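One chain follows as structure tokens, the form predicted on its own.
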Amino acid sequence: MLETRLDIARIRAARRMIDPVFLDSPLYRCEALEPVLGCAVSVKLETANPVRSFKGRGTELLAGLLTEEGRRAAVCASAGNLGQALAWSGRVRGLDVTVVASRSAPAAKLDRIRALGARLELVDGDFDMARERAAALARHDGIRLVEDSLDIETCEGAATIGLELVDSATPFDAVLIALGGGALATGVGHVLKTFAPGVEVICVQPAGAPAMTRSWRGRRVVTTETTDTIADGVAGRRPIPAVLDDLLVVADDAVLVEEASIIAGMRMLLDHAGLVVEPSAALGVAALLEDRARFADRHVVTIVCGGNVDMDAYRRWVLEP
């Protein structure tokens, strides 16, 4: 395989550094989904941990590194999940964590960031505006800027999910991975292409936030002026060049799905799997719904990457007719 920034030895070592509460998340075949989707479906459930998303795997590595370096403070931009995870990992290690988020981020995520002891600064605009503000704070205060997907620890932490997949006894043909900044896709993809190159790595992004998918298809960074999706966790406008380079090596495909399919996927995960998930976590099911013929008679793993959703919005999307 061509080289990426990731390293298998470091990924294996990450397993020994990450709090076990984030490791060995459930992987199970969800037969109740299969009659509707027309294929065998296994769920990798990354919501059964204290921050209800996969992000804790990466922040455990980052917070440990910062502690080793003698750092006492860090700042990050977040759509909500990274901020919660960094706050959790930082609190355990005595780090002063500041999270910059959009004022429009789900209230449940913002409340949880505060509850975990981080300082929260809200900005007008979207995630990329928050990223600019976090960088400015880091420069002004002389503290470490944590950048999701660019910091290799976020990718290699997520890559431990890939190790768990290849170590499982479950044979599968494809993995559907939510695509935002790229940490999850590049991390899991790197491991799969190293140890299970026959498994198809398919990234899924909302049509309303297509920057990384367009960049992957064009093999160059493509930015967008705006985003328009309920999947706030993957709604970036400006892909990071180094992350795109990694993605080009490990991804077999990148697809876009419509908002209606995301909502249908959330509803299906509730009705058939008993799972309350945020929109980003339903992207894999949305892809299955939109292209049943492609996946017919195959065994597909979908990574349910987060469960931090504003319940008022969830009721409007999923529960109300």
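Since we're looking at a predicted model, the values are computed, not measured. From 1 onward, residues are counted along the sequence shown.
Form predicted in complex with a further copy of the same chain: not shown, discussed below.
Looking in the predicted bound form, any heavy atom of Leu6 within 4.5 Å of a further copy of the same chain?
Judged by the heavy-atom cut-off of 4.5 Å, Leu6 is well away from a further copy of the same chain in the predicted bound form.
Tell me, yes or no, whether Trp88 is in contact with a further copy of the same chain in the predicted bound form, where a contact means a heavy atom of each within 4.5 Å.
Output for Trp88 is yes: heavy atoms within 4.5 Å of a further copy of the same chain.
State yes or no: in the predicted bound form, is some non-hydrogen atom of Glu68 no more than 4.5 angstroms from a non-hydrogen atom of a further copy of the same chain?
Glu68 lies outside the contact set for a further copy of the same chain.
Within 4.5 Å, heavy atoms only: does Arg316 come near a further copy of the same chain in the predicted bound form?
Taking the distances in the predicted bound form, the answer for Arg316 is no, it never comes within 4.5 Å of a further copy of the same chain.
Quick one: in the predicted bound form, does every one of Pro210, Thr213 and Val257 get a heavy atom within 4.5 Å of a further copy of the same chain?
Spot residues vs a further copy of the same chain: no contact at all.
Of 280 to 288, 23 to 31, 248 to 256, 60 to 68, which is the one stretch near a further copy of the same chain in the predicted bound form, taking non-hydrogen atoms within 4.5 angstroms as near?
Partner-contacting stretch among the options: 23 to 31.
Since the partner is left out here, which residues of 262 to 298 would have a heavy atom within 4.5 Å of a further copy of the same chain in the predicted bound form?
Residues within 4.5 Å: Leu270, Asp271, His272, Ala273, Gly274, Val276.
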